[in-house]
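Next up: just one chain, as C-alpha cells, the form predicted on its own.
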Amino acid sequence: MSERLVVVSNRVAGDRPPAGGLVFALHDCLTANGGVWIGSAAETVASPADKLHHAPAQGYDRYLFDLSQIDHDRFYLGYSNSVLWPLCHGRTDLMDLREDHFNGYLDVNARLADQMKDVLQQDDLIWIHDYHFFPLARELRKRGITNRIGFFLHIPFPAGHDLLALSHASDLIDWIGAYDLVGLQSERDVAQLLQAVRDHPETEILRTGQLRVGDRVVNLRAFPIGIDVNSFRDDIDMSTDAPVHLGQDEKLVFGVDRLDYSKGLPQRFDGFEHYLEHRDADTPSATFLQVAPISRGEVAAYQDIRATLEQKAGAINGAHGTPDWMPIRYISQPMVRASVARTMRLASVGLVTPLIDGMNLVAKEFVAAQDPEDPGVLVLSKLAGAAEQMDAALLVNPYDPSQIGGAIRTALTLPLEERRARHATLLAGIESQDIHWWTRTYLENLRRSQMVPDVRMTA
C-alpha cells in the first residue's frame, strides 16, 4: 500500500482556489501529490454527524467534520481562542479559563479521532496543524493508530512562565509527546518548548535534541513557513486598479493585519505619531494606511482593540491633519489579495510590528511585492518569527514608539543603493525558503522520524 498524506487543519480550501497562506500551501501540496484533507465545516449544525462528510476536491479527497454551536463556543471561541491563543501570545491576562470549555476542546478532538479512524489507512502520513488540535495525536494513539503523525504550530509556543497560568499545563506536554515530529516557526519557539519540558516529570531532553516523553521520542525542529513568491507577484500583474491615491511627492507607509491584540497596532499608531511629531522640512511627507479587517468580533478583547484604534486614528488626524490631508487612513474592511499586492508595490515603507508572532507572512509578501529597481523598505518587529530570517529589514522594538517612528524616518530617507541591497538580501531568503521548500522539508523530516537509541542528556 503506497503512502498517502492526510492533513488536518481547522480551515480547509473551499470549491474555489484559495488566495494564499496556509490554506493555499496545503491545497497546492495535496493537488500535486494527492491525499486527504480534513477540516471543520463552515456552518454549525444542531446535531453533529458521527462520520466525516466526504467533499471531493480536484486532485485530493476532502472530509469535513461538524461542529454544533456549543462546540463552536467551547472548542473554537472558548478554549482555542480564549485560552490557547492569548497564552501563546503572552497575554495570560486575557485567558478565560472555564472547565466546560476545556472539556469541550477535548470532546471535539476525541470525536474527530473516532471519525478519522474510518478513513485512515495503514501507511498514511498524518500532518496535524495548529493549536486547535494539540490533543489529536494522543486521541489517535488511544485508538490504536500507529502511523507517523506530525504537528506544526503556526503561532508562538508559550513562554515557560506563561504556562504556569494554564490549569492543565502538564497535559500540553503529554499531548506533544504523542507526535513523531513537532514543527515550530522559529528557533525561539524551539528553545521555549525545551524550557517548558524541563520541569515535566516524565520528559527528558536527549543529546540529539529530541524529547523523550514517557515511552515515546519526539523529533523537534524549526520550519519557518514561507510564501509562494511567484504567485504573489502574479497578483500584482493581475490587478490594474490604483488602490491608493497619493498627493505629489507623498510617500505611503502601509500596514495590513488581521485585527488582533498581538499585532501591536496601537503601538504602531503611536509610532507613526512620533514620526509626525519629529519630522522636519527635509523629511518626506507620508500617509499611513492601515488595513485591519475585523476578526473574532464577538470576543471582548477584539472589540476593545477596535475602539482603541478608532480613537487613536481620530486623535492623530485631528492633531496633525489638514483640510486636504489626513495622515492616517484606517480601514477595518478587508482588501482583496490583488489590491493588497498592488498597494505593497506602491508603498515606500512596509510596517510590520507585531508584539509577538509565530512568523508573519505579511513581511515576506511585502518583500515579494517590491520593484527591485526601486524597492520600499521593510520595518519589522524583532519579536516576529520572521526577524530570524529577515535581519536585512529595519528591526525595531514594537513596544517603543520612538523606535518605530525613527525607523519610518530612516526608511523614507534611505539611499537607493542601500534600499536595493537590503531588498536583494531579503528577496533571496524568501525565494530559497518559500512555501514549497517548507512543505517539502517538513514532510521529508516526518518520513525520517523514528525512535532513537536511549541517549539522554547528562547533567
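The numbering used is simple: start at 1 and walk along the sequence shown. All values reported here derive from a predicted model rather than from experimental measurement.
Not on display, but discussed next: the form predicted in complex with a small molecule.
- Proximity to the small molecule in the model of the complex, taken as a non-hydrogen atom within 4.5 angstroms, holds for one residue of M359, A347, V218, I328, which is M359.
- Among R141, R279, R306, R337, the residue placing a heavy atom within 4.5 Å of the small molecule in the model of the complex is R337.
- Mapping the unseen interface onto this chain, A196 falls outside it, with no heavy atom inside 4.5 Å of the small molecule in the model of the complex.
- Proximity of D257 to the small molecule in the model of the complex: non-hydrogen atoms within 4.5 Å are present.
- The closest non-hydrogen atom of R268 lies beyond 4.5 Å of the small molecule in the model of the complex.
- Within 4.5 Å of any heavy atom of the small molecule in the model of the complex lies no heavy atom of F75.
- The candidate site formed by H27, Y63 and I149 is entirely out of contact with the small molecule in the model of the complex, as no residue has a non-hydrogen atom within 4.5 angstroms of it.
- Stretch 149-157 is the answer when you ask which of 149-157, 170-178, 319-327, 209-217 has residues with heavy atoms within 4.5 Å of the small molecule in the model of the complex.
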